[in-house]
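In structure tokens, one chain follows: the form predicted alone.
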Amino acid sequence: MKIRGDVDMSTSPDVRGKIAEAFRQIDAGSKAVLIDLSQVRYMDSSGIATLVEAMQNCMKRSLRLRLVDLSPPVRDIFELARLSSVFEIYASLAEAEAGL
């Protein structure tokens, strides 16, 4: 799944809905949910909370949440908040799919 634009208080409900839709469409054999953040220009705490919620939902379903290709501004936020040790972050889709 690819997310675009800003993920903030006004758009995080839309992102949450998009992630929920992805959960409904997951195959029985799936092992992970991949979220491409290359097109996200800005993310605030509500966006982070949305991703934490997605990670919790993945854990309930025995799935892994993998974030892919974080844009530089989003990467900075993750590093500053030390979230890069909480989330599985990959530079490319191919890298994220490897080992699944």
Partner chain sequence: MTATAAVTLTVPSHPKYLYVIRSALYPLVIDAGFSKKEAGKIILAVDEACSNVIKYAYEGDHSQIITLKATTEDGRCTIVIEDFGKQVDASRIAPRDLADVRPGGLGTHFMGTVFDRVEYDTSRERGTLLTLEKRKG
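Numbering follows the first chain given and starts at 1. In this text the structure is predicted, and so the values were computed from the model without any measurement.
Another form, the form predicted together with the partner chain, is not on view; read the next lines as being about it.
(message) Since the partner isn't included here, can you check whether the partner chain sits close to all of R41, E53 and Q56 in the predicted bound form (heavy atom within 4.5 Å for each)?
(response) Spot residues vs the partner chain: full contact, yes.
(message) in the predicted bound form, does D76 come within 4.5 Å of the partner chain, counting heavy atoms only?
(response) Yes, D76 lies within 4.5 Å of the partner chain in the predicted bound form.
(request) Tell me, yes or no, whether S10 is in contact with the partner chain in the predicted bound form, where a contact means a heavy atom of each within 4.5 Å. (result) Yes, S10 sits close enough to the partner chain in the predicted bound form that at least one of its heavy atoms falls within 4.5 Å.
(message) Even though the partner isn't displayed, in the predicted bound form is A32 close enough to the partner chain, meaning a heavy atom within 4.5 Å?
(response) Outside the cut-off, so no.
(request) Give a yes/no on whether I26 approaches the partner chain to within 4.5 Å in the predicted bound form, heavy atoms considered. (result) It does not: once the partner chain is placed as it appears in the predicted bound form, I26 has no heavy atom within 4.5 Å of it.
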